[in-house]
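Shown here is one chain on its own, the form predicted alone, set out as structure tokens.
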Amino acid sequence: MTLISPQAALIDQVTKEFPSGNDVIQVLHGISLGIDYGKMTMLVGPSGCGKTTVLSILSGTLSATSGTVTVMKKRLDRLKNDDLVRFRRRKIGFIFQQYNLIPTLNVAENAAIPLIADGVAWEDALNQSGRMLDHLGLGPHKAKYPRQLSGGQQQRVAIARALSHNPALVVCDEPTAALDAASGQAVMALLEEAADDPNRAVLVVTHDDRIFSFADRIVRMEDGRVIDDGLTQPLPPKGLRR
């Protein structure tokens, strides 16, 4: 099956194998999946089903064994390593369970990392990241360090970092797993706002059923396969799910 779509990201008949001693473990079994602009897609399923592997392949941090991976009309498997790194840095935002903030940098500096890595002048990068921090309600905390923030605040800094360079694809790996219910809901509200952009797609890998109501589409995986693509039974309007 060949999928043709103006979607932000598309994997087509993707498999992934990992060596294990003299054997090979197949983690993904011919998955085809498109990620839509202007929506939050959640990839859900039990631990070990391949969710994070799919996210890693879509974001270019892991290569597929076979199949094709297209992000913003770019075939990732055809990009040379330096070009792939540059593309990932400019077009993709990353949010992780453990925040991954640099403890020796303050909030504004942490949020500016993607811009600085892409060659933006230090002062310009801080100004741009500062505007994103203001938008996310973190303006008063710009000069603080990660250790001075709560878990929810740290995750908001991670969101600011992921969005500061205006990426077209944001990938989130268990973004609420380390948060209490209230903080998780607040973080998801910010991601929902980020997804409400016709030029951006948000993919969230999660097993946290407390946040399913934020999804525009839920894709379910099991044993390295998609068992429900989330398209055949559209979710009701979000206001009716909360």
Ligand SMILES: Nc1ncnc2c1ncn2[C@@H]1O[C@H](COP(=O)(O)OP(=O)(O)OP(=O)(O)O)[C@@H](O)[C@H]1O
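So that there is no doubt, residue numbering starts at 1 and follows the sequence shown. Keep in mind the model is a prediction, meaning the values are calculated, not measured.
One more form of this protein should be noted, the form predicted together with this ligand, which is absent from this view; the next part is about it.
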| property | result |
| --- | --- |
| Proximity to this ligand in the predicted complex, single hit among G184, G60, G34, G50 (heavy atom within 4.5 Å) | G50 |
| In the predicted complex, segment of 190-198, 211-219, 51-59, 65-73 with a heavy atom within 4.5 Å of this ligand | 51-59 |
| Contact of V27 with this ligand in the predicted complex (heavy atom, 4.5 Å) | yes |
| In the predicted complex: members of 187-212 within 4.5 Å of this ligand, any heavy atom | H207 |
